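Only one chain is given next, in structure tokens, and it is the form predicted on its own.
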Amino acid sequence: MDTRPIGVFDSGVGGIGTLAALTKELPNEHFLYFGDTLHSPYGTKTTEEVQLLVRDVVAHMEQSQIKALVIACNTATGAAAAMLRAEKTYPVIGMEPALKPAEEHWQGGRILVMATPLTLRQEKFFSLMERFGAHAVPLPCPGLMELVEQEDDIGAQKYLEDLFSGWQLDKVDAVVLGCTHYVFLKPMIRQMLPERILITDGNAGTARQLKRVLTDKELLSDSLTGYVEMETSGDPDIVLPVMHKLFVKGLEIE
């Protein structure tokens, strides 16, 4: 069995929610998380800019001899997952908006897909829409990710109230959280929406996919207990306490 770490990265702290889901699914693994907060947000950059940033992050994580990589960011997945899979010998697991379960829940209304502007412009998202987006409406959310990074709950609530005020919620069946940062707003969003509206995110599906891949490739750890390390390209004195707080919060989010 393989006790090398699994690399997990995001443009900032949003992927911490994915990290929490991964640790719940694979409690015996060693996870190394990197938040590229110095260059956040990715969602308003070009694809080429994101690819350059991703290359630097991955090169840094490879110094720790990672056995697999999870791109805990929808934007970075769309921009760089195919590139990395073509170049790397270890498994690369990406994220995508959880549109399929939302479509399966369809009852005649709309499915709102919240995501960063770049995610919604990418070919990967267009492909996803062709498969599962018959009733979906892309909802670009510029600036919302930054409110999560800043832990600005008041600003986030106002943003979401304005966002949903433009929709007749009795004609909405599901809301897809197409950015890992938005998962931390799930409890807030849940309070704003009628209970019958499904809220989906890609964290649990990504965790199950990672477990399947590690099992198939015989890369699972036989360690009795796993552990998590966190790093940031930003100021660690400021960012790491936020990461640790969000990790605990992420463990509590269903």
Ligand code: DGL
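Each residue number is its position in the shown sequence, starting from 1. Just so you know, these numbers come straight off a predicted model, no measurement behind them.
Keep in mind the form predicted together with the ligand is missing from the figure; the text below concerns it.
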**Request:** State yes only if every one of P41, M145 and G178 has a non-hydrogen atom within 4.5 Å of the ligand in the predicted bound form; otherwise state no.
**Result:** yes
**Request:** Can you check 125 to 133, 84 to 92, 162 to 170, 112 to 120 and let me know which stretch has heavy atoms within 4.5 Å of the ligand in the predicted bound form?
**Result:** 112 to 120
**Prompt:** Which residues within 1 to 19 place at least one heavy atom within 4.5 Å of the ligand in the predicted bound form?
**Reply:** D10, S11
